[in-house]
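Given as structure tokens, the chain that follows is alone and in the form predicted on its own.
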């Protein structure tokens, strides 16, 4: 494959020690932990970035990476993130949102108060847009409160796609035709753009879950959707993420994880809250420390 210089990359081997050095670098930056059984996945993406930068060896690329020349760290992280999702994914949690969670949240707020919801990682926008559409369709009090929804991700390409809000049929497969007609504008045979009002109602930002300084800029959320990302972390990164997310929540706030994730196995900072539609995790209402 030709690199950006137009030269054909020479044949080279990436040694096991070099893979370990690279995985350690990626882990410290993102919390993503890859084992030996993911060697092909790592090798393919690493070689793509080596070729894309015109580097002649792993060592040359790694030097470039550590210097973050041309924002290469951002490009590398983008290439390793997984953004597979669709609208109304795990909708039992959305049902829980309007059937119980919001009643608990607004019971602690004055009339017309602000409800802050954070979707992280937000991938290419399907997650936060799903929350907004679900509220408009299913919560009678949606106009009685100031709803703020923030979508964040470490992948800058995904964030750009989220802000554009253009999706193909597969992403909309769980939506009814009525909902599609109300909130999406067809722009080709199988591509739709979400309504401009919804696009403007959600703030998209870059955030790194394991970076405490980065996460310190996010505070006072009532509810966080953090789904299907902790499965890529090891125990230490999960604990760090739990601590960071706890700091981002208001006392009494809730967090929703993916169906295969359990905060009870990660951190004692949250208590289990059981609702008819879902199990979620709550930050204590008062600081007992």
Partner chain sequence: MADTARRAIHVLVVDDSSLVRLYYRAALDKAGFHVEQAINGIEAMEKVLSEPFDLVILDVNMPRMDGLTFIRSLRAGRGEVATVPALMISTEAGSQDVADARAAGANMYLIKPVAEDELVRHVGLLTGAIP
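Take the two forms, find the largest set of C-alpha atoms that superpose within 1.5 Å, and that set is the rigid core. All values reported here derive from a predicted model rather than from experimental measurement. Numbering follows the first chain given and starts at 1.
The form predicted together with its partner chain exists for this protein as well; it is not shown, and the discussion that follows is about that form.
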property	result
Residue 44 within 4.5 Å of its partner chain in the predicted bound form, heavy atoms	no
Partner contact for residue 263 in the predicted bound form: its partner chain, 4.5 angstroms, heavy atom	yes
Its partner chain contact at residue 27 in the predicted bound form, heavy atom, 4.5 Å	yes
Its partner chain contact at residue 37 in the predicted bound form, heavy atom, 4.5 Å	no
Joint contact, 267, 272 and 279 to its partner chain in the predicted bound form, by non-hydrogen atom at 4.5 Å	yes
Contacts with its partner chain in the predicted bound form, stretch 217-235 (heavy atom within 4.5 Å)	235
Rigid core fit then residue 272 CA moved by 2 Å or more between this form and the one not shown	no
Large Cα shift (2 Å or above) at residue 242 between this form and the one not shown, core-fitted	no
Core-superposed comparison between this form and the one not shown, residue 26 Cα displacement 2 Å or beyond	yes
Note on residue 23-residue 159 C-alpha separation in the predicted bound form, which departs from the shown form by 3 angstroms or more	farther
In the predicted bound form, whether the C-alpha atoms of residue 30 and residue 281 sit closer or farther than here (change of 3 Å or more)	closer
